[in-house]
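As a starting point, one isolated chain is supplied in structure tokens, in the form predicted on its own.
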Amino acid sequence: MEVRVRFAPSPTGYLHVGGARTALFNFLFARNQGGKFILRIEDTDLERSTKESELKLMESLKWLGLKWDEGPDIGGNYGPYRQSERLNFYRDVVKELMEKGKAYEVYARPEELEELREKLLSKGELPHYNREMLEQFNTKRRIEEFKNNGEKPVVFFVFEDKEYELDDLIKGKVIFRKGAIGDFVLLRSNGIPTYNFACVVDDHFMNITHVIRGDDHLSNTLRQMAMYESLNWEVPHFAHVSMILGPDGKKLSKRHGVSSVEGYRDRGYLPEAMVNYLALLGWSHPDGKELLTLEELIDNFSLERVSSNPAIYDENKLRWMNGYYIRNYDIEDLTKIAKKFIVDSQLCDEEEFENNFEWFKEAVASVRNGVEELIELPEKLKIYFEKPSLNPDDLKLNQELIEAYLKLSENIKKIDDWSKNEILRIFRETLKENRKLNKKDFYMNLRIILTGKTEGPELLDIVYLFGKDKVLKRLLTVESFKK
């Protein structure tokens, strides 16, 4: 049997970290099992679903490297892959359930059903509907009124009130006790299916073998199991992943400062770091490794190693991991990614960046060790663009150092091949000419003269990237200290 899993987001906003983790676990499981990863768009929330959100969701998944095998953009043998394009499937299944006596029509309007619910609650009863209770709406007069007005009835599912047992691949045995729910809506009066009904129909007709999703859907599973049973359909394997908690132990939310996947991308997180970190939210490598490539994640992923305990979201660890990837990323690829941040900060325009790409590559390499988010990069690069305001009090110059810097200027003027090796040779030659010089003082004061700062990239990188003319110009300031 071929493993088939799906990620089925609603296109109502950005892709947040919880959804991204669910998509990732589905993707890893499919690839590990040699199966198929399907993208299905659940766009039956007509008021909130937008094409723009759908495109952003797909863009975010592609950015993470989660390539699907079937979906709304590439098609497949089990389409369409948008629920709004599958309404005929739902109508046919509703008809089948009604013929079996497993569903029935109710000529009630939404506000009337809500009023009934409130009435039950006010009596201290559970808001569970049943056919007998809802028959009050199905009068001849009401049915005629609906037909004359062009209104459609709501279709309810007949829930068999009994105990249901689920063998969850992560949580183990889950028992749903009798009396948990009552009859529920399958099809709204506008012909749009409810989430639970559409989910079951789509998973069945798309041959989904495993449903991997967050455990906030566990209560939905009871309704779905009942529908599978009534239709005599095979129930897929369910695996409910525990929720993600903030550092305070509460359910992850905006108050924890957590951003969407797009938000992290816009702050300069690398997709490899995001995927690596998200994979560790509830899953662990057999050998305890934490820094893992996508290929290593695929090779080692299994549902058996997904914990049933909540995962704790630690943004500091994500920052650290992103910093690791920034430091070890291919410098050409990293510079291409960094382009947006550099240009947006107005250090240069796009044409200048492209024309000086090799220089920018060296510059990014020189500062990346101190960067954890690429949005920090332009600030680090400013030393190459801004003239420093030199404070004489920061310098600890004596006459010997001043003479050494003037000599350094003379030696730099003689360089024809501006390379790091030549610059290093000139440094050594200058120091050799005055053996009494303190090397530490020489290099520290030189850094301040050139950049106005006591810290930053390697001095050799600074001198090389400044270029011969700029270094000589900055060294001219030493003349003013000469007695």
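Sequential numbering from 1, following the sequence displayed. Quick caveat: nothing in here was measured; it's all calculated off a predicted structure.
Missing here is the form predicted in complex with glutamic acid (GLU); even so, the following discussion is about that form.
Visitor: Taking the partner as it appears in the predicted complex, which of 115-123, 355-363, 213-221, 265-273 has residues with heavy atoms within 4.5 Å of glutamic acid (GLU)?
Guide: Every other range fails; the passing one is 213-221.
Visitor: Is Ala8 close to glutamic acid (GLU) in the predicted complex, meaning a heavy atom pair under 4.5 Å apart or at it?
Guide: Yes, Ala8 sits close enough to glutamic acid (GLU) in the predicted complex that at least one of its heavy atoms falls within 4.5 Å.
Visitor: May I ask you to state whether Glu42 is within 4.5 Å of glutamic acid (GLU) in the predicted complex, using heavy atom distances?
Guide: The answer is yes: Glu42 has a heavy atom within 4.5 Å of glutamic acid (GLU).
Visitor: I'd like to know whether Tyr195 contacts glutamic acid (GLU) in the predicted complex, with contact meaning heavy atoms within 4.5 angstroms.
Guide: Flag for Tyr195 set to yes.
Visitor: Please determine whether Cys199 contacts glutamic acid (GLU) in the predicted complex, using a 4.5 Å cut-off between heavy atoms.
Guide: Judged by the heavy-atom cut-off of 4.5 Å, Cys199 is in contact with glutamic acid (GLU) in the predicted complex.
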